[in-house]
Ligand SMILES: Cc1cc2nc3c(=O)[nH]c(=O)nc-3n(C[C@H](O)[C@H](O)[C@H](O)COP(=O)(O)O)c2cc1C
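One chain follows as structure tokens, the form predicted alone.
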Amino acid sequence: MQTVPGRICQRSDLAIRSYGVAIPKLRPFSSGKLPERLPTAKTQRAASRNLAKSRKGFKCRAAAPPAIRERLKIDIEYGLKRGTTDNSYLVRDGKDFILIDVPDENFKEDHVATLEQTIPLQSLRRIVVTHLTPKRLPSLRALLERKQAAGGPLDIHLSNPALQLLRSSLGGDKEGAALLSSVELVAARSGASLEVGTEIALKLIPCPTPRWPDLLVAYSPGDRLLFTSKLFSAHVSPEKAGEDRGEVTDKKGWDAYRNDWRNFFECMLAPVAQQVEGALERLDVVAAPSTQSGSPLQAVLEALRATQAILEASQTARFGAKSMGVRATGVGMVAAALCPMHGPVVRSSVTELVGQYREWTRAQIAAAEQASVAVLYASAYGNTAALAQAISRGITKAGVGVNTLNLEVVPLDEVSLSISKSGGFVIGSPTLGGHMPTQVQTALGAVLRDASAKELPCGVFGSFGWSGEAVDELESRLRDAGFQQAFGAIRVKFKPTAKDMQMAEESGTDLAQREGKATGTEQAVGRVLGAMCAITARDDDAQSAMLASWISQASFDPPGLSVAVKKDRAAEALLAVGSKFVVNILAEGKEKPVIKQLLKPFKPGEDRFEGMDTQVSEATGCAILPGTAAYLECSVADKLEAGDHWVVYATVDSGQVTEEGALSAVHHRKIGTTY
């Protein structure tokens, strides 16, 4: 092992600790075989940068930001409990190097410093940007300044939307324009590739979505590495998943990361399932045999699949897709590893993850065909987009499909078509100069002209800096036109907090919820009894509570519980793996006041505990309710998907009997379709 300068940051709330990074000397590898151990950075709550050198060998360095005094936006948006990583990769291209992606602006100095320690910047020949946002532009600018000082040519490959953002933002001042004039900007189009002599170093495949219209995927044929940007990402620190310090791959396997991959998919990709399906068809990923650690039969089957894909691609290239009777859309990429922007490098779980992505996508598309809600928005700084994503998440939790459209990139006819096929809609806008952006005004006009749209439930939302006139105008124009709004306008000043995101998610669920009818079998199921409890949960300034009777002891040592939570329950968002909550076991004869309080209809984000004499658990920060026989302080250890519910397995950290001799209240039901 060789110790080198560098830091990784581990953050628990606001505390930052730095460590040295041990970098092993690794043997060269090729043909898609990754080394047994890929050293990299990990973070908890804050992001780190992973710089990897491939094709002739791997070398990684880590960098940490200065202490951060406020929660990062992704903390709010995803309710992070298991950290995250923010990855970039360095690919060796002969004597030169290709850098894939730059970090958030919080990490720009450390990222550039680490890069300079890893390679001479004169040898950095190309940068591939798979996703660009205003918060990543400062990092790119800092790198270009150092590169200009170091000398040497540089090409930047990015999608056309990212190219437009780069030119309009960085090129808006004299120094930025000078930096751009010193490099070659290349718009990546479908089928584009980066070549070294006669060899293809990287293939570039645009995979746009409404929220990420600039999304780009890169594939290294020689190593069979697929750099997937936001696709196949997860907000999780490998160490939080049980990996050894410095481990970057999913060495612990599918079970260690499945909930993190699923959560990222549901938060960010479920609302754009049609585009995800198109991306999966274009990529047509097949796991290389080297990624499998299962049975010999599985390895043989995967080898056959990989061989078939290679032969099919070769024959298709020679004779054409139509002659071979294969899909012309699929690239047929044999992947030894998926290298995403966030989370672990996926090596051992490629087959499972790609397969589940297809299943999750099909399920979302099927749900949208039954019923769907259109979420329309424009966003100046990402804050209104975060609210749109939270609302979309709430809609999908209720089992309803959602069509999320970024009005800055979709044509007007797509907006009109989405409204005509939807059972409801919400529209969000930032306030720019005291008004709605032109794209939102145009979309609103299309909605108002559609006579059938007046029958649909709707809602409005938006983030603003000072006055928020755009949200007021949206609300008043829809109201004056006779539209029925399903929830009050969501107005957020500057960045949304955890409570704002909770309110947005609950508003989406309220709009989408539907009631069903019970069968005879379901009536029989309703005879199953359970103790009447109240779950209280908290995350920063967001808190919630729910009645629960589907609770059972699940283990003796350590003491553990299983709790069934419906996917559309407001409290579900606060029960991610790593979260803490309190089980209030209600006492017989004293349960009615609590039940009455928690069964009241609450507006999104409204205080569930108003008027109740509650205590606060010092260990969890969650409410302890009156009228309990006992309470348990718990930590979420795992979640298992079970139909329209999550089965949450939680360890009991501590507990107390609050009333000796009191019996637990029992919940009797008549049917199994309601609580």
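This is a predicted model, so every value here is computed, not measured. Residue positions are given as counts along the sequence shown, with the first one as 1.
Form predicted in complex with this ligand: not shown, discussed below.
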item	value
This ligand in the model of the complex: contacted by all of Q122, A149 and L179, heavy atom 4.5 Å	no
Any non-hydrogen atom of L185 within 4.5 angstroms of this ligand in the model of the complex	no
Non-hydrogen atom contact A380 with this ligand in the model of the complex at 4.5 angstroms	yes
Contact flag, F464 vs this ligand in the model of the complex, heavy atom cut 4.5 Å	yes
Touches this ligand in the model of the complex: N87 (any heavy atom, 4.5 Å)	no
Heavy atom within 4.5 Å of this ligand in the model of the complex - the one residue of A531, L448, L432, I595 that qualifies	L432
One residue of T228, S544, T384, Q502 in contact with this ligand, assessed in the model of the complex (non-hydrogen atom, 4.5 angstroms)	T384
Which of 372-380, 159-167, 260-268, 483-491 sits within 4.5 Å of this ligand in the model of the complex, heavy atom basis	372-380
In the model of the complex: members of 571-593 within 4.5 Å of this ligand, any heavy atom	none
